[in-house]
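In structure tokens, the next block holds one chain alone, the form predicted on its own.
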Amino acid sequence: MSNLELNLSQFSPVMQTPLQHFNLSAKQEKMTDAKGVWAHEMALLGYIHLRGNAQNKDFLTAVKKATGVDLPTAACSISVASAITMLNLSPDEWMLICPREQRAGLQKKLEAALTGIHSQVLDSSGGYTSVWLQGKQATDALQHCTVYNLHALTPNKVVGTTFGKASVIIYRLDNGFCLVLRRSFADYIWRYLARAAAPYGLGIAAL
């Protein structure tokens, strides 16, 4: 066996979050009012991009059949059910976020249900991560990072916007914000967010 073959046989790939070097899990704690901003990475989720015609009833029915979730068709809307979050990114584009172990099965179900229907299903899990943000001053801290008026981002709404010199997708639920960001921007965005939140007190939330 050659040295190359030997090295390959010993190769054992490890899946890591893009923020693993911050060791956030070791710093997490129970949330209290002592800090104004709480954040943590929602690591290693599944991300599937879906494209299609929202005016096509067959398309809507097929997506519902495959996922069990109604596709959000209103601009900037989201749907959440069965551990799946669907984000309306544009009139013909959605992002589906799910537990990573479900992504392959979900993709296969979508592809099967959408056979013969003009559409596109793409697993983009390798390119994204998410950061959860909440707390009494979370909106204030986040507002330092973007030009978008976050007070206008009501629960169950999503927007794509700037974040410093990068870009993020932000959606809001009743108890906080979720930032969906590209892995290549993760280090920059986390450092930027931590700096913006520092005056309010930043804690790593135990999710």
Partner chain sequence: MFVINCPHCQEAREEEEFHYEGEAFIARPANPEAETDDAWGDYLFMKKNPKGWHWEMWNHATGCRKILVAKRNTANHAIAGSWTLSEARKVYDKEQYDAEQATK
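Positions refer to the first chain, counted from 1. Everything numeric here is computed off the predicted structure, so don't read it as measured data.
As for the form predicted in complex with the partner chain, it is not shown, yet the points below apply to it.
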Please tell me which of 175, 32, 162, 61 lies within 4.5 Å of the partner chain in the predicted complex, judged by heavy atoms.
162
Considering non-hydrogen atoms and a 4.5 Å limit, does the partner chain approach residue 99 in the predicted complex?
no
With the partner left out here, check for me: in the predicted complex, does some heavy atom of residue 75 sit within 4.5 Å of the partner chain?
yes
Is residue 105 part of the interface with the partner chain in the predicted complex - any heavy atom within 4.5 Å?
no
Counting only non-hydrogen atoms and a 4.5 angstroms cut-off, does residue 28 reach the partner chain in the predicted complex?
no
Any residue of 28-65 that, in the predicted complex, places a heavy atom within 4.5 Å of the partner chain
51
